[in-house]
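Single chain ahead, written as structure tokens, the form predicted on its own.
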């Protein structure tokens, strides 16, 4: 079997199973099996598929047909123009999370230090470290996630201090100018409506935020207030239906506004730490 035929058969299998972007998925899986780039794949489309390539390709197709996300099969995902390693121990970085990075970069000129709460793969922290050269700290409750994040930082040459703790509990008061977080915010009540490949393969501790999705945010907001210097800013990714609840939770904070994603949906809440009460 030549490479062209293998691609065609893979695409047909994925298409019949209702897998999104079947042609692209077949290409990515075959490139991963061969260890090549797309240009090589098409320049050699008449080449015979080696037995080892076919074995790997068949296994990857089988995994994808069972629902395993392509990113967990290949072990990689692009974020902000860089390739990050991912495993089922971390959420797959989404393009929507780049809006949090952009919000942080807009405010970074005033900052000296940033903390990324719940770093997962390290996508936000590593990106901010490389884009700003500021002091970056990243926390996660999962040691396995931190191993992935540390590996990404080392491979991409990012200086990030990683700390294992719940939220920012191991960090000192008033140490940061920006707190950035992509917390778990999917409502547990909607669990059965979540896409199957997300629900069955991505880590629930990083996905679900309690019955209404706000359990972690309820703890994150006072924790961010403790961690931020006066005038510091909290940047939080949210679900599309969470804007009003987050505004209520942030009552008393200053300059609160919401950034929308490319679909026009609320995606990131930004709020400035309230000033401490004046001493009489």
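Because the structure is a prediction, the values reported are computed rather than measured. Numbering follows the first chain given and starts at 1.
Keep in mind that the form predicted together with ligand GLN is missing from the display, and what follows is about it.
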- Message: Is it true that 106, 128 and 236, all three, sit within 4.5 Å of ligand GLN in the predicted complex, judged by heavy atoms?
- Response: no
- Assert contact residue (ligand GLN, in the predicted complex, non-hydrogen atom within 4.5 Å, options 72, 80, 185, 162) equals 185
- Query: Exactly one of 134, 189, 154, 198 has a non-hydrogen atom within 4.5 Å of ligand GLN in the predicted complex; which residue is it?
  - Reply: 198
- Query: Quick one: does residue 150 come within 4.5 Å of ligand GLN in the predicted complex, counting heavy atoms only?
  - Reply: no
- Message: Does any part of residue 102 reach within 4.5 Å of ligand GLN in the predicted complex? Heavy atoms only, please.
- Response: no
- Task: Examine residue 206 and determine whether its closest non-hydrogen atom to ligand GLN in the predicted complex is within 4.5 angstroms.
- Result: yes
- Task: Using the partner position in the predicted complex, report whether residue 94 sits within 4.5 Å of ligand GLN, counting heavy atoms only.
- Result: yes
- Note on the structure: In contact with ligand GLN in the predicted complex (heavy atoms, 4.5 Å), from 198-206, 154-162, 107-115, 171-179, is stretch 198-206
